[in-house]
Structure formats: C-alpha cells, structure tokens
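Let's start with one chain on its own, the form predicted alone, as structure tokens.
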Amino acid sequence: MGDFSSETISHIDRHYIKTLLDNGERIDNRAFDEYRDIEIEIGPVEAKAEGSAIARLGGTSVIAGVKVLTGQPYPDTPDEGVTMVTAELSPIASPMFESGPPREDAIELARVVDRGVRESGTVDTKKLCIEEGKHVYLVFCDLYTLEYDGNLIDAASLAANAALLDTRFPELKLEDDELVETGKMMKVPLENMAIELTASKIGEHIVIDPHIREEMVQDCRLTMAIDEEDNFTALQKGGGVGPISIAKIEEAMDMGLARVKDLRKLVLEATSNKD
C-alpha cells in the first residue's frame, strides 16, 4: 500500500510539475535557467581541517573539509601527488539517507565531483611532489551533507572548490631521508578550477538546479563540469534512465555556459579574503 501511495503521489506530482513547465513556470517560481540563492561560508572547521567550506544552495547545504597528508605516489605517476574526493550522505540531512556503509548515491556523488576536479586538471598534481617516487602530498576532500533539498552535486562542487581554495598546509622537504617542515605554508596548486552545473530533463523541458520535487519526477539529469576557459571537461548523465536528445544536451550546455561565471565568481569572492 505504501508503494502504491508513493507511486500515485509521484504521478500526481509529475503531472503538476510538467503542467507548470508547459506554462513556462516552476514550482518555486524560478526561471528555467535560474539557480536558487547561493551562500558560501569559508573555514567552518578550521581546527580540524587544512581547508573547509559550506555551500548552501536553496535548502541544500554541503560541508567540505580538506586534509593534506604525505605518502607514496602511485607507481604509474611517480612525480605526481594525489587528490581524492569522498562523500557521506548523513541521515540528519534527509530521512532518505540511512546510516551505515557508503550508499550507491554517496559513491556516485563523490565520483562525479572527483571527476570534475580531475578531468579539468583543477589541481596541478606535479606540484604536490616532494621527492619523485618516494614522497608526495595527498589531498583528501571529504564532503558531508547537512541538508538535502535537491541538487547535491552542484552544492558539493561549490563546497569542494571553495575548500580547496581555502586550504593551507606546511611545506615539507626531504632532509637526511626525513621529511621536515620548511617553516612556510603552501596552498593547493589550483590551475584550472572547474565548476559543476546540473540540469534536469522533465518531459521536453530542461531546468537547471533541480529542486528535490523536480528530481523526484525527472527523466534524467546532466551534470556538466566547465573550466575557466569555458571548456566542458566532464559530462555525467544520471538520475534516471530516460533518454535525452543531442538537442536537449546542447540546451543544457548553453544554460551551463550562461551561469558558470556567476558561480565561479561566488566561490572566488568567498575565498578572496584568505591570506
């Protein structure tokens, strides 16, 4: 009975949302290409992380914390450091999230945000090398959901990029086969910051920054990572098995290009006062 009720509500919601879209409207009165209000807070957990940030996107909020450790490089990239993104969907953020081992959607969130960082070359990993083949910096970005009201990916991308920009850690050098601090502080060597933007396809309509109710009835979503030169460095389809045409992909990409500079500006402004 619960499943039938849920399915019925979803069907009614889809019809309502699609009818609104057919009339050029959304459930929260935004334009199809309009983001909800965005706030970025820098350094909320300074005592526990080398860099941190909270991104609030409407009723969705994600905190990112960056830890910098040292370790050995991967055998196939002996002169490069390592970056890695992990994610946890907290039960306090939504009753949809359960405690326990990482869920499939938490793994997907981490993978999509990680791909946005890696494929764009956001971090110059060669500058994270201390001694080739022996010692490199390991940069871990952990994402933790605080509130969920749709579009976790974009909120997580904003938080991750802001936290990476906020990060400061001690510079190390190899001396008598031991790593010692030089007395200087380093920044994460960011070269080409990519911002991720997500659009949902609902029927024949494309809307950016989907609200949770829009996500519930979407055919699929498309997440785009766009770098500082307006290059698309990654595309990820998810959130449903519905088809999406080339024309609709191009429509979503045009929306992304029109909005990405505003999002990047918000990240840079939030971190501009950091020494």
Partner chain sequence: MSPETKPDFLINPEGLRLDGRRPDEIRPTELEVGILKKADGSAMIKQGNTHILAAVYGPRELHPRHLTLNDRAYLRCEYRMATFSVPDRKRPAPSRREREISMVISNALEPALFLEEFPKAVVDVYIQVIQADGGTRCASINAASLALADAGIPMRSLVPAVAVGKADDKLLVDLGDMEDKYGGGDIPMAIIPRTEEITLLQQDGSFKKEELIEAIRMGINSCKYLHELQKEALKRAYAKRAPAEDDEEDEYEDDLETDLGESDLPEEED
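Computed from a prediction, not measured in an experiment: that's the story for all the values here. Residue numbers count along the first chain shown, from 1.
Form predicted in complex with its partner chain: not shown, discussed below.
Chemist: If contact means any heavy atom within 4.5 Å, which of 114 to 122, 141 to 149, 75 to 83, 196 to 204 contacts its partner chain in the model of the complex?
Modeler: Of the options given, it is 141 to 149.
Chemist: Should I63 be counted as a contact of its partner chain in the model of the complex, where contact means heavy atoms within 4.5 Å?
Modeler: Yes - in the model of the complex, heavy atoms of I63 and its partner chain come within 4.5 Å of each other.
Chemist: Even though its partner chain is not shown here, does P91 get within 4.5 Å of it in the model of the complex, heavy atoms only?
Modeler: P91: yes, in contact with its partner chain in the model of the complex.
Chemist: Applying a 4.5 Å heavy atom distance criterion, does E50 contact its partner chain in the model of the complex?
Modeler: Because a heavy atom of E50 falls inside 4.5 Å of its partner chain in the model of the complex, the answer is yes.
Chemist: Any of the heavy atoms of C129 lying within 4.5 Å of its partner chain in the model of the complex?
Modeler: Heavy-atom contact with its partner chain at 4.5 Å: absent for C129.
Chemist: Counting any non-hydrogen atom inside 4.5 Å, which residue from V45, I244, I38, I27 sits next to its partner chain in the model of the complex?
Modeler: So the residue touching its partner chain in the model of the complex, by this definition, is V45.
Chemist: Just to confirm, with a 4.5 Å cut-off on non-hydrogen atoms, which of I208, M224, V217, V68 contacts its partner chain in the model of the complex?
Modeler: The residue from I208, M224, V217, V68 that makes the contact is V68.
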